[in-house]
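One chain comes next, on its own, written as structure tokens: the form predicted alone.
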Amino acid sequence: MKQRIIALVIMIFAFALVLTGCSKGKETLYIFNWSDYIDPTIVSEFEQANNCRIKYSTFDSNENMLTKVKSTTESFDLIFPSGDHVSILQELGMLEELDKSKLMNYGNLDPQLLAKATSFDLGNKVSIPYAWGLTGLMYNKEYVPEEIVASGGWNILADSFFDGKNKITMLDDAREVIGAALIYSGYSLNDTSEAAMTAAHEVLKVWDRNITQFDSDSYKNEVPDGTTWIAQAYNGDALQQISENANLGFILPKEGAAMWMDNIVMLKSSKNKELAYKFIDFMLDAEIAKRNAEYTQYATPNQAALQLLEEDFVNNLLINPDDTYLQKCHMIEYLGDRVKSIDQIYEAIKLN
């Protein structure tokens, strides 16, 4: 009996070694994406369909992503930057020009959104639109009275109700934070004129009295548990939380909001380009893109997927605002050296 047990243990151990060896022998795709930004079942399906392994890492801001990509010895294959950072990465010579003939599902993308993407990727040469969205305010109804958010504007952040409570957060993103103050002040978030910068800085000095921290990820847990009462938030992240907690709310401020488009790009340093192309094309499949939009709660640039989505999703104005509101929104653009004036104000506010 003891011999049988020993033999069984040896067999199990040998089998585990075989499995480990098989796993090590599989082709590996290295992906660097925002957190909570893809349906994990889709990742598993791709791995099974292609007999490969995906090593999936996440970041919480474009700035952190850029620092990691520039400094790490780890070679990512695919990353998911916002439009202005596509321009930065391209300017640094880090992006692979894409061979569209390897993307059978490329035609599923909305031509109008591809046209918008040319503002940061002329000719749509290096990026594939992944999702687009807006930035607003997520709040906990248990702690924030309805009359506070009823005004519907960015200046909720300065309401005296929050004085001394340390219950407000904003994103750890200079363009988003300064951008909100610029929009509230009547400027485009891409305006770096002296008048615009002065106005934004004065607004932020007032808001900062109520701001506890600048963080782009923890609010997803802290607003639901009451650690934070109101937070600047990406609409899809907020709606993911709202779907699980009826005590949460989200508004798009009446003055307008930052609008952004996140994209899939391939690094020139990628060691798995053919597998990377397969993954991009997989994500462009209409059914896969539909499922991913339902999971992330972000608007999809995939026109074929949009036709498959339920009306509740398509008609949700917090995901797909009407043209009247979109006219008040500002796409975050690449500013080159002009961004330094925004960064200076942001650092001054954070250090205050």
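All residue numbers refer to positions in the sequence shown, first residue = 1. Source: prediction; values computed, not measured.
Quick note: we don't show the form predicted in complex with ligand SPD, though the next part is all about it.
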May I ask whether E176, Y298 and I332 each come within 4.5 Å of ligand SPD in the model of the complex, counting any non-hydrogen atom? yes
Go through D285, E45, E294, D36 and name the one with a heavy atom inside 4.5 Å of ligand SPD in the model of the complex. D36
Scan D121, D262, D215, D191 and let me know which has any heavy atom within 4.5 Å of ligand SPD in the model of the complex. D262
Even though the partner isn't displayed, in the model of the complex is Y234 close enough to ligand SPD, meaning a heavy atom within 4.5 Å? yes
Spell out, yes or no, whether the shortest heavy atom distance between T169 and ligand SPD in the model of the complex is within 4.5 Å. no
is_contact(S127, ligand SPD) in the model of the complex, heavy atom dist at most 4.5 Å: no
Residue-level question: is N302 within 4.5 Å of ligand SPD in the model of the complex, judged on heavy atoms? no
Report the stretch among 146 to 154, 234 to 242, 95 to 103, 111 to 119 that approaches ligand SPD in the model of the complex to within 4.5 Å, counting heavy atoms only. 234 to 242
Would you give me the residues of 95 to 128 that have any heavy atom within 4.5 Å of ligand SPD in the model of the complex, in order from first to last? none
